[in-house]
Ligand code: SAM
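To begin, one chain is listed below as structure tokens, in the form predicted on its own.
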Amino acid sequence: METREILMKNGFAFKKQYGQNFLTDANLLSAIVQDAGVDGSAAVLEIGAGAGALTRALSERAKKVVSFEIDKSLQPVLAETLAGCENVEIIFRDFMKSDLPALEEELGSYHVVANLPYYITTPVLMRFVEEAKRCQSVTVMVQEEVAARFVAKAGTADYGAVTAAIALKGEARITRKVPRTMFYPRPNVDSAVVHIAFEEGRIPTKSEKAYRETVRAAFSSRRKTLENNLISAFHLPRERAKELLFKAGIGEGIRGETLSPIAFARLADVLYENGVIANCS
């Protein structure tokens, strides 16, 4: 029985607040699993089980799948679509309220795969970027324009704080475009799959907290120069801001969006070493 028929049989009603758009194409689901690098040696943490089609595809390749689903009304649907998947555990809870360290203790080394409502994609992703210790990669379905921001290069219009934040931990790349016609029900925008491979110490920095705060300050107002943003964010005298930028090898008059992630790390180290940002990490 197809997913649509199972949803109808169980009287499932789509809920706008959860932004539910399900994938059902077997070839696409298999391709996403391949994009995620799931090979049976590691567990998978899925955020948003939906109707279970991607969950089942993951279970065929993963050692174990732990999947979060916020909509409890999908329970009878998932009981049917995931019948026989002995290596799958569904947790009907908001992932953002979960205990990530405890989950990591249970999973060991793991990959994250998610087909999320667009409004919550970035908060979920940033939780792994900032908090995860054992995550090997994140593969996420996102709105196409959001994907462009995740993989943007310094100096481009799409480059922003989230781009630089991701780059500290891993390399993001778009693995495939997914037209809106592939979803049920059909959304109003096209999507893309982004794969982020995490790499320990990818960009060396003395304090991840300092890096994050530096990036946030630099993008706090895109119209202002980096110097002015540092003055506003850290309450610095202008001459002090100029001095710190000089120490970091950054010229006057530039804007934050022109700095590469490596340059941000260099600036963050200067701010940290000079006591502008205290370390908590």
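Computed from a predicted structure; not experimentally measured. The first residue of the shown sequence is 1; numbering continues from there.
This protein has a second form, the form predicted together with S-adenosylmethionine (SAM), left out of what is shown; the following refers to that one.
> Would G48 sit within 4.5 Å of S-adenosylmethionine (SAM) in the predicted bound form, counting heavy atoms only?
Answer yes; at least one heavy atom of G48 falls within 4.5 Å of S-adenosylmethionine (SAM) in the predicted bound form.
> Is L23 near S-adenosylmethionine (SAM)? Define near as a heavy atom within 4.5 Å, in the predicted bound form.
The answer is yes: L23 has a heavy atom within 4.5 Å of S-adenosylmethionine (SAM).
> Is A57 close to S-adenosylmethionine (SAM) in the predicted bound form, meaning a heavy atom pair under 4.5 Å apart or at it?
No, A57 stays farther than 4.5 Å from S-adenosylmethionine (SAM) in the predicted bound form.
> Might I120 be said to contact S-adenosylmethionine (SAM) in the predicted bound form, defining contact as any heavy atom within 4.5 Å?
Contact check for I120: yes, within 4.5 Å of S-adenosylmethionine (SAM) in the predicted bound form.
> In the predicted bound form, does each residue in the set G19, F68 and L74 place a non-hydrogen atom within 4.5 angstroms of S-adenosylmethionine (SAM)?
Yes, the whole candidate spot contacts S-adenosylmethionine (SAM).
> Of the residues K209, R202, R176, R93, which one places a heavy atom within 4.5 Å of S-adenosylmethionine (SAM) in the predicted bound form?
Exactly one residue meets the criterion: R93.
> Would you mind picking the one in V151, L168, L116, A192 that has a heavy atom within 4.5 Å of S-adenosylmethionine (SAM) in the predicted bound form?
Contact check passes for L116.
> Just one stretch in 194 to 202, 108 to 116, 128 to 136, 152 to 160 has heavy atoms within 4.5 Å of S-adenosylmethionine (SAM) in the predicted bound form, so which one is it?
Correct option: 108 to 116.
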